[in-house]
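Two forms of a single protein chain come next, each set out by itself as structure tokens; they are called structure 1 and structure 2.
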Structure 1
């Protein structure tokens, strides 16, 4: 039976590997256009690795393609024909706007002989960004910060984003019309809703301006005022199902969070642990989700239910954090710190929570690890986990214990990875 911490690290690597574009993209890739242009565009944390996978699959036809994709700073990879531009995430910046305008120029004036392959992954909402007439980049930045701090889930945030953009919510697909459009997607959202991933730039939108207003009202967001003014205009509404201009656009999901969890489960099984996937689309406040996971883990120890130890509890999805303190750390550090508080030094428990893109929130770490000695080591250093949790400071807590998970950019993104290893008695 494997060392529990080594098993956690190996399962995380397996989860990331399952979503490697080199492994999963080529099956869905069409042939380049015969008579027209072949353009490759896209955005997301996996955009560069997806572009490289396209070039690898089309190695003997590279002279027939051109394109541009946008990825997060530090996530670029060298490509031969497809230009890779870096921009800011999760709050957009001028580099993202400039690159998005270049993409719109690339797809302008296409005809039915042309092919556009659009590569989309998580993070695209911030990276593929272009304010509509009447709004500024500063308006978009203020809105992004407010949404990120509000506790809104990803579907709610992207509902608002789609209605204040020139490219989101199907508008990029309209810009490509009448060319053939094939979108390849790596999912980072609960439920794999194509219209939510990166705010669905090539997917018709069934949400409305009224839905966007409802989100802003729910979280009591009032600024910036120009966003509210724009949402009252006709230009704020997105293309809807039935739009004939998008009728022949194709979309393929090439990697999902479930794929990552199944790869981790297979590794656990080979190591002698019974895997139990709790769900690939778990949402909610990170600390509440942590309490639920802690309850299941303790049920395993007390009653051998829903599975007997040794076992691994696996889950994915995207939790949220309502920021109340001034600490550092993303939703995975928050989840794991809340888990540590709930388990309170319980023996036989090892856990990891990490983001498969290698970045937890805005910090340069993927997540953290919790082991049975975490509580005692924290006490020895004078660290009170509850106090760190109260100020949303999971990063500082696990940094001082030496238990951060640091991978650097993984060049893919299938959302959060959570695993709890329960050892036998």
Structure 2
């Protein structure tokens, strides 16, 4: 692999491959129930491909399984026994609520001989959604908007949301009781916290109704009234650690951002480049995260630190973009454009930033690549990188250079993938 651009593309494929359910899921999949029913449920961007991986592993016993998973519009894949329903993400819609109710119906009245396999991936929080009896989706949405405006942090928002749901915060696991429950998870969150991924529908909750009230009080939220009525009811509390009803629930992380980075690192090593994984959960404003990556890459060139060239700097996680302009995003294109600006046409550098789900803000592309000639080609075309960055328009910049990375939906999601290849002098 002597071409760094080809190496970047191969590393990205390896990263996605490491999170491909067909490859990573079967190892954690139990046998179907011997004497009872076997149900497959779940939600997330990877729900359809996870369902297919289950059907593939159980190909000779397909008649014994049934189920329903929810994925994002446009992300369904044909399955034979497991129904795949599409719904809205990131803002929930009625289709998601209806499908969630059908899942709750499916798992009602199970007994201890039955097995439920729950397939969870990023995006599941919006897709697997159901307001408690007496509340509407609009009540939940108006609460969500108020929380967003309030300045509450993500942990505070999750605490409230988990207490205003029929599935989040371990409630879906309660619904499956007393069946055996095996949850298989593809992580897209920093730190791989199971209680955070898709709002942990099968994971006990260590926050309480009292905590939720404290958040609402802190930000002086008093609406909608029906939410407060519900929170005062006995049904509002989520299952807690030690809850005996969840004693038969087990959970396995089948793919993590770190696994994707390790797969890319192995490929780099085979190609003669020393890999250095900076972090699997790097967060921050995309353009600032890019400047720091640039600073580290320049240290490689100036001082052979933190690792000597030839090398590949790798990172994962999820950056954010504070939108100032009217460009077409997304966060990986923004990162890469800011990186190009910071490196200012330096030789010896190739880089890629892309979303492992294949969608960098818009379906049109997964991310972008830059190579040592990017700066000069942009100048030749009259494209000013700083101006595109000011408009948050990384998409158009790299599109005009022909340097977009296009994969279509990958049907998995282990968050962002960033790689900088530094060649020797």
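Keep in mind that what you see is a predicted model, and the values were worked out from it rather than measured. Only the largest set of C-alpha atoms that superpose within 1.5 Å between the two forms is called the rigid core. Numbering follows the first chain given and starts at 1.
Participant: 1 or 2: which is the form predicted on its own?
Facilitator: Looking at both, the form predicted on its own is number 1.
Participant: Superposing on the rigid core, is the CA of residue 295 displaced by 2 Å or more between the two structures?
Facilitator: Superposed on the core, residue 295 moves its C-alpha less than 2 Å between the two structures.
Participant: Once everything's superposed on the core, is residue 114 shifted 2 Å or more at the Cα between the two structures?
Facilitator: Residue 114: C-alpha displaced by 2 Å or more between the two structures.
Participant: Core-aligned, is the CA shift for residue 371 between the two structures 2 angstroms or more?
Facilitator: After core superposition, the displacement of the residue 371 C-alpha between the two structures stays below 2 Å, so no.
Participant: Core superposed first, then measure: what is the displacement of the CA of residue 168 between the two structures, in Å?
Facilitator: On core superposition, this C-alpha lies 3.5 Å from its counterpart.
Participant: To one decimal place, what C-alpha displacement in Å is found for residue 214 between the two structures with the rigid core superposed?
Facilitator: Core-aligned C-alpha shift comes out at 10.4 Å.
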